[in-house]
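Before any questions on binding or motion, here is one chain by itself as C-alpha cells, the form predicted alone.
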C-alpha cells in the first residue's frame, strides 16, 4: 500500500455497500449500441458521475452517431492522465440468463464467490464504476486526487468505435497536455493469475453481400421456389464460393495476395516478454474458459502465444441467407450476406486491406460481390519500460503479485487514438479482480471472491494505490 492511503482504504471498507449499489445503478441502465436502447440515458448518467466527482467540465460531445462524454478533473497537479470509458454493451435478445441482464443482482457463482450478473458487468461498466468509486473515496478523504484526470467516453465501442475519433478530436487541445493514459479494469483469470496487456490489435469489420440483382444471375427481387435450382443460379452458392476463396482449405491462413506483406515480426522486447510468458501461461485455463477442446493444428504453448499475439486474422462473424427458422422452407434465396472481422498487427494499415480484398475477388470472377466496411481502427502498443506501466507493475508487486505481462492482446480497442500520432501517449491497463462471459449470457463481475480472487474492496484499493504510485514518479 502507498504510504498515507490507509484512511482511504478504511473509507472504502466502510462504504462498500454504497459502492456496490453505485455499480448496480450503472449496470441497471441499459446501453445497447446495437439498437440504441438506453444509450442517451446512460450517457446522461455517466456525465452526472463526472460532475459529482468534481470535474470542472462534464459535457456531452455530439458525434454523427451516439454521443461521447468528456470530463475534466483539474486541480493543477503536476501530472495528468487520460482515462477511457466505453459505456455501451452488447445485446441480450435470445439469450438465457440465470438472472435478468439489467437487474444486476448479486449471485453466488460456484467456485468464484458472490458476483454481479448483468450485461456490462465485466465489459466494462462494472469495473469502470468501481474505478469511479475509488476516485470518489480519495476525494472524500484527502480532498482531491493526486493527478488531473481527463475522462473520454464513447457509446459505440461494440459497434467498432466508428465515431470515437470525433470525440477525441473535439477535445484534442486538452489531450495534448496529458502525460499518460491509465485504464483500470479487472485483470485476474479464474485461477487468480494477474495479467497486463501493453497494446491491442487493430480491427476492420466488413461484410460481403451478393444479390441476384447485382450479380445479374439468380432471382433478382425475391426468393423463389427451390425447385427452380435446376435452371436458376444461386446467389447463396455464389457467396459461399467467394468466401471460400479467401483462405486455404482449412480456413487457417489467408489466401488474399498481399495480406501478410506489412506484418511486423516480434522485436527484442516482444521476445523478452514472450520468454517469460512461456513459463507462466497455461493454455488449459483458456481452453476451459472458451470451451475449446483443441487448439489450431494442435499447437504447443510457445506457438499459441506467438500466433495469438502477432498473427493477423480473417474471421467470419456471421453468415446467412434465406430461411433459418424451425422446419423447412423450400426456397432459392435471392441474396446472401457474410460478416467478417480482420485483426491487424503492428505495421499493418487498415486502409490497405479492403482494396486487396477487392482485387482478390475481382480476379476470381466475383466482381459483383459487394464489400461494405462497417468500422475499423489501428493497432496500439506501449513499451513496458514506460513510467505508467512501471507504476502499475510496482503496485502489483507491492500487493505481493508478479503480473504476467503480455506485449499486446489478441483483441481490439481504439487506443491508437491516444498512443499514436499526434498524442503518442504511453498507456497502461491494470487492476485486480475477475469477471467473465463478456458478450455472452450470464456475464459477471466478482464482488466477493473466495481467496484467490480479489473482491470489490481490494479492487478499489488497488486503483487508489496505482494512481498515487504514478503521481509520485
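Positions refer to the first chain, counted from 1. Between two forms, the rigid core is the largest collection of C-alphas that superpose within 1.5 Å. Because the structure is a prediction, the values reported are computed rather than measured.
What follows is about the form predicted together with another copy of the chain, which we do not show.
Taking the partner from elsewhere, residue 375 is found to have a heavy atom lying within 4.5 Å of another copy of the chain in the model of the complex. Using a 4.5 Å cutoff between non-hydrogen atoms, residue 341 counts as a contact of another copy of the chain in the model of the complex. Contact between residue 72 and another copy of the chain in the model of the complex is not found at the 4.5 Å heavy atom cutoff.
A residue is said to contact a partner when one of its heavy atoms sits within 4.5 Å of a partner heavy atom; residue 385 fails this definition for another copy of the chain in the model of the complex, lying far away. Interface residue among 122, 236, 82, 104 relative to another copy of the chain in the model of the complex, by the heavy atom within 4.5 Å criterion: 236. This chain is displayed alone, yet in the model of the complex one of 232, 147, 354, 175 has a heavy atom within 4.5 Å of another copy of the chain; that residue is 232. The partner is not drawn, yet in the model of the complex one stretch among 440-448, 35-43, 410-418, 427-435 has residues with heavy atoms inside 4.5 Å of another copy of the chain: 410-418.
If you check another copy of the chain in the model of the complex, you find no heavy atom from any of 24, 29 and 264 within 4.5 Å. In the model of the complex, no residue of 103-117 lies within 4.5 Å of another copy of the chain by any heavy atom. The two forms, fitted on the rigid core, differ between this form and the one not shown by less than 2 Å at the CA of residue 385. In a rigid-core overlay of the protein, residue 76 has its C-alpha displaced by under 2 Å between this form and the one not shown.
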